[in-house]
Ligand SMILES: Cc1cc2nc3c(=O)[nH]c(=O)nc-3n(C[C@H](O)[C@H](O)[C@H](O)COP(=O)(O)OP(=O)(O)OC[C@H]3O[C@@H](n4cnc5c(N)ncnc54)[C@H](O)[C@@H]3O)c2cc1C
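The data below hold one chain only, encoded as structure tokens and taken in the form predicted alone.
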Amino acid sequence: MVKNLNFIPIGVAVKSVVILGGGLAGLAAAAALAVRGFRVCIFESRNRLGGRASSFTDPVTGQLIDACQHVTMGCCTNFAHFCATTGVAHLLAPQPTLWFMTPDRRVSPFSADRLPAPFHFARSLLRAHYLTLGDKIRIGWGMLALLRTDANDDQPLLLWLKRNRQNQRTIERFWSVVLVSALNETIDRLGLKYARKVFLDGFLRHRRGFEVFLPTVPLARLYGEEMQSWFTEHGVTIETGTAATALEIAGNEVRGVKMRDGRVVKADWYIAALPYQRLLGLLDEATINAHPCFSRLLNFETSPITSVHLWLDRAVLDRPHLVLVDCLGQWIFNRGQSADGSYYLQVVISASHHLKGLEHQEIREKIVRELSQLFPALTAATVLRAKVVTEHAATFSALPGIDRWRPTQEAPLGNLLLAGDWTNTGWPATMEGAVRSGYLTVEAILRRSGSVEQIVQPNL
């Protein structure tokens, strides 16, 4: 059955857009289109919005629990704009101080003072107990070298660090601590370009660029009723539990999308806001081979994230979070008291390649042992329950030269646009990159329609 969506008639003044994927990229594109008079329908294969930003239900309390803690930063101007536009910005809480903890239980705060950028972190760096004075001088030298480095230089990061006077301690206790969490990849696999961007945008260019924002509600709520109400008020139709199976292509255009239920939906424009693996699954082999834009995606590699969820019978952490140095876990998030009276902690292990092959029980035991050393109160506590969640392809790996494989948002098919943090956004695989990609697709649609407008928000 071929269906011309009656809420988005083809060929009339009001243009229709089908968006495949209800993650951040698709939602950002839909928001930008809706306020500009387009008729939009989002098709999402899951029964919820948010894509990889997912939650699950704790079977004991019935509470929604995030599969992995997501955070944003002050430098993420487009994500902030999207949240403000859709009315959920109040569900994000700023964290003006980061707390760094070492296995000896010492903690150093990291916050900006009143000095102008890039000197606003000088005092915090000088107070960092886990770095020697020599380490701090080396790091300062490395920061100056980053400022002088070409923004498009994407040589192997580890070689660059060693050439710029970084030793094993500064690499492990500073550069890795920041970058493995920010880019979800190990130092030995990263390219220089996006490592440089993390430090320049997050720490050197603006006093508030580093400021972390934590959702105060589960991600299912962040992308839930309030946001969906905004889309409904702006005429966006959302179909969850509805998956596409193929793009029907004729000539140089998409003529329709075949859905799992047998429908073929048609519109003026199509945005594939899907993981790149899913996009390739919608294309026939001839189309993939005919267009390097698609075939180059086969060169991507991915990196996993593991989260360990622990419910304890007592509180052991009195801060909202901790960044761990020289530990298996990299972040601990204090999620407070649950409905059943237990105290919930989430430990995040980014780039968790090294955990491959371990059973969940082994991972849990390793983390509990580590936390018992960090927090003596935990030795007297009881772990009431635990859950280990690994997203095996959480992000694409920012390998050296990765941008040569990343397509622009304008696909070689005339009415198809691509959205996702894996497209070429100038950002790594982040929520900010996903939103930017959605905004860039709308800029491309407007441009192809004879109108020029900048939707992507400026940097801080």
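Numbers for residues come from their place in the sequence shown, where the first is 1. Everything numeric here is computed off the predicted structure, so don't read it as measured data.
There is another form of this protein, the form predicted in complex with the ligand, and it is not shown here; the text below is about that form.
None of the heavy atoms of Phe38 is located within 4.5 Å of the ligand in the predicted complex. Put simply, Met431 is close to the ligand in the predicted complex: some heavy atom of it is within 4.5 Å. Under a 4.5 angstroms non-hydrogen atom cutoff, the ligand in the predicted complex has Ala243 among its neighbouring residues. In the predicted complex, the ligand stays beyond 4.5 Å of every heavy atom belonging to Leu324. Residues of just one listed stretch (202-210, 376-384, 131-139, 266-274) have heavy atoms within 4.5 Å of the ligand in the predicted complex: 266-274. In the predicted complex, the residues of 47-76 lying within 4.5 Å of the ligand by at least one heavy atom are, in order, Gly50, Gly51, Arg52, Ala53, Cys68, Gln69, His70, Val71.
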